[in-house]
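We begin with a single chain expressed as structure tokens, specifically the form predicted alone.
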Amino acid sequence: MQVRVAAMQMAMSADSHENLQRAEHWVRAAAKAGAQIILPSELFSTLYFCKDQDIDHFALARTKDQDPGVQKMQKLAAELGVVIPVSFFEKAGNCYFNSVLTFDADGRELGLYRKAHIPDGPGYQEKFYFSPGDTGFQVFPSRFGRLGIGICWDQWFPETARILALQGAEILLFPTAIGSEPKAPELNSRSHWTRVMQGHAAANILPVVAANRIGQEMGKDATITFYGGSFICDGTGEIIAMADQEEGFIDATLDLAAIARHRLDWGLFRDRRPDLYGSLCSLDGKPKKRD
């Protein structure tokens, strides 16, 4: 099975309506170019509000049934016959999550994933806003393949990719918001960010799609320049499409059947030794004692 995937890359403004209009434009453009799975970046409806701890930003959160971006992307998925994982700031009772709701090519809701790994550092103060996700890692069977989805900081953890691979994912998708470090302006992590996901692809023989944002966003206490670099790599980790810092989308065709055959031939999952991996289930590397 061959599938064409696309990653969108945008700069956001303080006007959510404008952001959603531009997101719609790029979804339509990617679909017109033949994309069947279209990935927007993390929290694309708004500015990246996590630069500061500001209680007023909680007003941006919506339930999955009330979020305007979720509603717009669901309609577009049905109209254009494309799959869209939609990132949004979710309100659920008294809890708040950084979530992705994925829609199939008929607009049907495939499922909700809540970000598992929540960062906390200068400019990226997500722990103030988001509870750790409670959905666990999930793979969503869509019209165009089985999709494993992580969100931004999730992509730095090999456990995320491996669990999604074990659950049968055929493509890994990572909506992202990453850029400069306010306390270390000399640091550019773009190459590091790219390589860690190329490693996930190579280690699991699974293609990866990563969608980042661009532009400079100023907060009260921090300013971040998002460096873009959205990319698509094949099952060996080779980059087959990459953006720089321009707005738009990138796309590429993936042969999922050929990648699956390669994965079987390579034997990585045949030769795993889960009986030796108990240390992964602890924080300090010491296997848990059995009762």
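Residue numbers run from 1 along the displayed sequence. Quick caveat, the model's predicted, so the values are computed rather than measured.
Not pictured, yet referred to below: the form predicted together with another copy of the chain.
Of the heavy atoms in P182, none are within 4.5 Å of another copy of the chain in the predicted complex. In the predicted complex, another copy of the chain lies within 4.5 Å of some heavy atom of E238. At a distance threshold of 4.5 angstroms between non-hydrogen atoms, F137 is in contact with another copy of the chain in the predicted complex. Although the partner is absent here, A14 is not a contact residue: none of its heavy atoms lies within 4.5 angstroms of another copy of the chain in the predicted complex. Contact with another copy of the chain in the predicted complex holds for all three of L187, Y277 and D284, each having a heavy atom within 4.5 Å. Stretch 260-268 is the answer when you ask which of 260-268, 45-53, 62-70, 23-31 has residues with heavy atoms within 4.5 Å of another copy of the chain in the predicted complex. Though another copy of the chain is absent from this view, in the predicted complex it lies within 4.5 Å of a heavy atom of just one residue from R195, K220, R108, K75, which is R195. G199 is the sole member of G215, P141, G81, G199 with a non-hydrogen atom lying within 4.5 angstroms of another copy of the chain in the predicted complex. The partner is not shown here, but in the predicted complex the stretch 151-180 reaches within 4.5 angstroms of another copy of the chain through a heavy atom at W153, W156, F157, P158, E159, R162, I163, L166.
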